[in-house]
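In structure tokens, the next block holds one chain alone, the form predicted alone.
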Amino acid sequence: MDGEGTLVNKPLVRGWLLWGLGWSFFAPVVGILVSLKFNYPNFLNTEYTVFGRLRPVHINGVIFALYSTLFIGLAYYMVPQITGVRMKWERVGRPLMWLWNLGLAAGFVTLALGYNDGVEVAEFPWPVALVLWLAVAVLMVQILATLAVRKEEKLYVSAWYIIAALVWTTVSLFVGNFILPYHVAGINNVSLHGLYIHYTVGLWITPTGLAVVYFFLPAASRNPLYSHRLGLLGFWSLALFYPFVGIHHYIFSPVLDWTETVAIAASLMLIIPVAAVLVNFYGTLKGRWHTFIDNFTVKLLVVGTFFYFFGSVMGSFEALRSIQTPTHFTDFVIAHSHLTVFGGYVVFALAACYHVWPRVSDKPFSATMARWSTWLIIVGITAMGFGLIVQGLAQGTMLKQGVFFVHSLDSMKPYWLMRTLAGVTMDTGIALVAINLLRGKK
């Protein structure tokens, strides 16, 4: 994997990352506004900023604007080096960038105006969803066409994850945005909805995030990947087990009991790909741990892998009926989603930006500011994860003792305040990463 100077379209990568870093200010701030409404329900009490409108802006903002925009920029950096050829139809990349980002901006405006299709993580009205789906479909065709004319005989493991994520997500987005809201009713809608939400996390965010780790960890630590076979074991076990996970949350529903048992078993089996990634990760750093000290790509990848491991294992065991029964309607579940998505995958993408941005912009960054931002991210996500887990277990215990749900909320106020403060800390760290990269070393 070389030829960065001749193969990579630097202005294109820079444009995508610029948009992604811009979204890193927007989506987390909306999350702070949402969290404030738990303690101060009348805060920003307008029809455009009620909880029900801001929450989907935050969720879609993190998944599609912040994380996915950064990943697409990184894909334009990775794919040419994996294949040994420039991207096929390079000129498509820039109009695609505007299509994707203006589509997202239009989507957030429509959500604030109250237009919502009612499917979680597919709330955008269908014209906006069509724009975003077309962007993903075109990107898939562009990358597959590039891979078809590659000079590298063997496909690196990152390419496996990128191909699968794009194919899976092109299908999943179509089902979630154009079939679920209009053509499926009743319990079948509920079941497919559970699958769709999990496919967005497990068949888009997860494989693209792991593609980033498998590419940038060897590149930043200057050590070859520990085991290509272990990488493929992780890939195929993810592909085998994740499609069955989607309905493991529905233990209090009329969904068939045996299908939930299959989903729970598949959730536990996901420990295999997680363990494969972890062993490969630490094997790759063998003899190169000193790079952790002053290389912020390696540093953030190590931090992100810790939260990825903790959040993923938590998610697997959270699926068990014995654990889900007391925690299902609590913020225990929210702890899992923040630890994996924010603590893991968003941090992976930011780590890669430390490697890529100076190379495509010729701007070095400040090590001092990078150290501050890293500590703020670590402290913020740790406090948020720990606080939400304790909050979830405390509320779950009260519910098991017969306390009415509405009465259990009185005890949650200190935890909600802690979540807001943790979110401010974490989001400040993320914003500092963006500021540091964009302004360069002074």
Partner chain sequence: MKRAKVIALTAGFVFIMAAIGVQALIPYFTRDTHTTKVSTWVRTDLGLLQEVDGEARPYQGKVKRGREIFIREGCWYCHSMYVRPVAGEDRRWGPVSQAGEYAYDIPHTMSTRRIGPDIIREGGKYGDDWHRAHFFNPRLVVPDSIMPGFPWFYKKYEKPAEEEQEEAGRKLTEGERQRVLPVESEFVPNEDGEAVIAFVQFLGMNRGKWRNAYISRLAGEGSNAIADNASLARGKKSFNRRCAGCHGKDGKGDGPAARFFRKVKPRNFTRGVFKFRSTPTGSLPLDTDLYRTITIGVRGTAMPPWNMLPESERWDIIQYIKTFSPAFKKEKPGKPVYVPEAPEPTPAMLARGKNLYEKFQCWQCHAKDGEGDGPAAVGMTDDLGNPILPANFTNGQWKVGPRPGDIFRTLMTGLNGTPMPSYRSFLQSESDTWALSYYVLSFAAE
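Given the structure is predicted, the values throughout are model-derived calculations rather than measurements. Positions refer to the first chain, counted from 1.
The same protein has a further form, the form predicted together with the partner chain, not shown here; the description that follows concerns it.
J.: In the predicted bound form, does N295 have a heavy atom within 4.5 Å of the partner chain?
T.: Contact check for N295: no, nothing within 4.5 Å of the partner chain in the predicted bound form.
J.: Within 4.5 Å, heavy atoms only: does N116 come near the partner chain in the predicted bound form?
T.: N116: yes, in contact with the partner chain in the predicted bound form.
J.: Contact with the partner chain in the predicted bound form for W160, defined as at least one heavy atom pair within 4.5 Å: yes or no?
T.: W160 belongs to the contact set for the partner chain.
J.: With heavy atoms only and a cut-off of 4.5 Å, decide whether T368 touches the partner chain in the predicted bound form.
T.: Flag for T368 set to no.
J.: Determine which one of 209-217, 344-352, 108-116, 283-291 lies within 4.5 Å of the partner chain in the predicted bound form, judging by heavy atom distances; exactly one does.
T.: Careful reading of the contacts points to 108-116.
J.: To verify the annotation, which of these, L192, L130, V279, V85, has a non-hydrogen atom within 4.5 Å of the partner chain in the predicted bound form?
T.: Residue within 4.5 Å of the partner: L192.
J.: Which of V379, L33, L409, L393 has a heavy atom within 4.5 Å of the partner chain in the predicted bound form?
T.: It is L409.
J.: Quick one: which residues from 399-432 get a non-hydrogen atom within 4.5 Å of the partner chain in the predicted bound form?
T.: If the 4.5 Å heavy-atom criterion is applied to the partner chain in the predicted bound form, 399-432 yields L399, K400, G402, V403, F404, F405, V406, H407, L409, D410, K413, W416.
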